[in-house]
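Here's a solo chain for you in structure tokens, the form predicted alone.
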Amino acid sequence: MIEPVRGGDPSASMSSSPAPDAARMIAVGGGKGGVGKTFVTVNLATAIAREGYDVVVVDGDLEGANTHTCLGVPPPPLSLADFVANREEELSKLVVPTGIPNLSLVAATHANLAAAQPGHFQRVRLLSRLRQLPVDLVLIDLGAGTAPAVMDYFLVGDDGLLVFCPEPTSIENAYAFLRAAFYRRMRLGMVTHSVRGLVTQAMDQRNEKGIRTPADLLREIEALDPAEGGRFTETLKCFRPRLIVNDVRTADEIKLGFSVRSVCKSYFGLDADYLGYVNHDQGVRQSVVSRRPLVDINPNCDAAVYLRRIARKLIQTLGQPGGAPEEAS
């Protein structure tokens, strides 16, 4: 995990390591809407729950909640919006059954759209409470885009999954998401105000210092503070986003995940994981219309098979069902 920031940046508390017996947390993000992020999240959660793990899906999109719909759950009387608005302090009261064994949900319905996103300290409180839920795994279905709340959830999770489609707009937004996550991670990992300010400056692609790449940024940091340069490098090693390509139709589109992984290495200097792909399947629409996960209603179709394959990779980061999570390798 990221080393806590000292002396001033409240984001520091987002980066402290979880307790050994805390629930494992995986955040699922996407650079834009419509890439199938919720579909993937719901099906991975269902597949993992079917293996005997206690799983909670959290709808983190207070401005466009629909995870409950994909699971066929009516809008519950209490949701994450009540926690954010301080109407309900006990997160456990927001957890509702889905009808799928071992799988529960924290919905995000009834949000106050005038102030839907939780503030920083509310995010810290929420993540802390999620870690304390008596489950094996918490899967957070994030909103689209690169808002601070989205980035914080993505970065603080034990794993951050990025879902994108083989379309130019989706790929472009996936790179924008990775860039935003990279710079926010680096800023949280730095200790001194001057270096954090330098990272913030680098986030402007037209910054006056001419910082265009992470290599440029590292060079500037090492010139300013060699110790922080070392910390930058160590923080970079801890950042390993995991990629899922959805709605794949051709062999070339399957290779897209490897291409994005290669760009991450050459441009950012980070090791991204290509977790897998989900092929285009006519059954997906049936799943959405029927409000049931595809891995349940049509478990033998190709897309369901590939989703379960990805789920098995995620299960490797968990302990035995009902036991304490293990550290990711």
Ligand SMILES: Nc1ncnc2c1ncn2[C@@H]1O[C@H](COP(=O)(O)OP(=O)(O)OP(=O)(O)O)[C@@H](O)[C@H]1O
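A residue's number is simply how far along the shown sequence it sits, counting from 1. Everything numeric here is computed off the predicted structure, so don't read it as measured data.
Same protein, other form: the form predicted in complex with this ligand, not shown, and the subject of what follows.
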Which one of these stretches, 245-253, 168-176, 211-219, 126-134, sits within 4.5 Å of this ligand in the model of the complex when only heavy atoms are counted? 245-253
Is it true that I140, R309 and K313 each have at least one non-hydrogen atom within 4.5 Å of this ligand in the model of the complex? no
Consider the chain as shown here, without its partner, and state which of G52, G33, G269, P299 has a heavy atom within 4.5 Å of this ligand in the model of the complex. G33
Listed residue (L275, V260, I26, V284) with a non-hydrogen atom within 4.5 angstroms of this ligand in the model of the complex: V284
Contact label in the model of the complex: A180 to this ligand, heavy atom within 4.5 Å: no
With a cut-off of 4.5 Å between heavy atoms, is R291 one of the residues that contacts this ligand in the model of the complex? no
In the model of the complex, does L155 come within 4.5 Å of this ligand, counting heavy atoms only? no
Interface membership of T38, this ligand in the model of the complex, 4.5 Å heavy atom rule: yes
Residues in 255-280 with any heavy atom within 4.5 Å of this ligand in the model of the complex: V278, N279, H280
